[in-house]
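Taking the form predicted on its own, here's one chain by itself in structure tokens.
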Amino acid sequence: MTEPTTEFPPPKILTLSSTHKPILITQGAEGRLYKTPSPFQPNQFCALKYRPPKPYRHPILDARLTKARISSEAKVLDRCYREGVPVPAVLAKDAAAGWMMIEWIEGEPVRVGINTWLGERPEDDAALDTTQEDETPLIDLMKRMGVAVGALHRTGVVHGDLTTSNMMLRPWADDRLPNGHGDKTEKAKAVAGDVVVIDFGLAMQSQSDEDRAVDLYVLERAFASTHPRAERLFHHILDSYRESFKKAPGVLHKLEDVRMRGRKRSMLG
């Protein structure tokens, strides 16, 4: 993959290797994500998140904002990692230069896994002759998602942009399949693996049930939009969240209020 022409060059740390060029994975309004050889482990890769200068902002203000945002994201990730939340480890950072180096998570986004599992299904799920056992691997994945979000909220962190694109499926080292199933089909493999939460650019530290409920609402709406044929199974995420987080009842009660406000906004346009 070749890097597209951009106004600003990559940070100097990405130019240190003479044998491997960094790969630009994605580029958004606020930053870029590169896959690059790890300077700490031979034959390993890491991810480098870089916030380039913004020409439309005053240079001093831009430098302060960039430093603050990189520092905040790294701090949140460090806290989560120490508390055992499934997130990438922070390997290095230079907030003043606008970059943070984190662990590279192998695998596919949860979004890809779910869509692979769903495959080419009819639009009307009611017409399908499926059983609870048939859907067990997918339900197991959704339960793991609920556990991951519960661990995140238990740590006192709100993600701010929970979607199935911001969760990765890291393959299991022993190649086991969900719930011990022996049917090693590509479909079952698609939803196997540990759920790792990524992209904490909008995250904040909060103990508020309201903030946590909004986090869940964002995930719920994103899930319904991205995986409408699996929307009826979303409650498994919430059930697992309830079981893994002792303060979940208050959050789920608040979620009802957040849903009601969301419906009112939809009706009012």
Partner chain sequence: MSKRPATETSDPALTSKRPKPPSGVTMSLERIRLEHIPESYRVYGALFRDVSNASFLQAQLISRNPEFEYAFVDASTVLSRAHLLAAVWNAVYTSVEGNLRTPNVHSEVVASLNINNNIADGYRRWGITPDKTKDLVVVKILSSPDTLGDAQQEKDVWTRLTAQVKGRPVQLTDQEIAQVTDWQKVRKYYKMNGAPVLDQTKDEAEKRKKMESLAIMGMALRGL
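If you're wondering where the values come from, they're calculated on a predicted model, not measured in any experiment. Numbering follows the first chain given and starts at 1.
Keep in mind the form predicted in complex with its partner chain is missing from the figure; the text below concerns it.
- Shown alone here, residue 108 lies farther than 4.5 Å from its partner chain in the predicted bound form, counting heavy atoms only.
- Shown alone here, residue 36 lies within 4.5 Å of its partner chain in the predicted bound form, counting heavy atoms only.
- Using a 4.5 angstroms limit between non-hydrogen atoms, residue 92 touches its partner chain in the predicted bound form.
- At the 4.5 Å threshold, heavy atoms of residue 23 stay clear of its partner chain in the predicted bound form, well away from it.
- Shown alone, this chain has one stretch from 185 to 193, 110 to 118, 73 to 81, 138 to 146 that lies within 4.5 Å of its partner chain in the predicted bound form by heavy atoms: 73 to 81.
- Interface residue among 261, 246, 12, 253, judged by heavy atoms within 4.5 Å of its partner chain in the predicted bound form: 12.
- Shown here without its partner chain, the chain has 36, 37, 38, 39, 40, 41, 42, 43, 44, 45 in 24 to 48 lying with a heavy atom within 4.5 Å of that partner in the predicted bound form.
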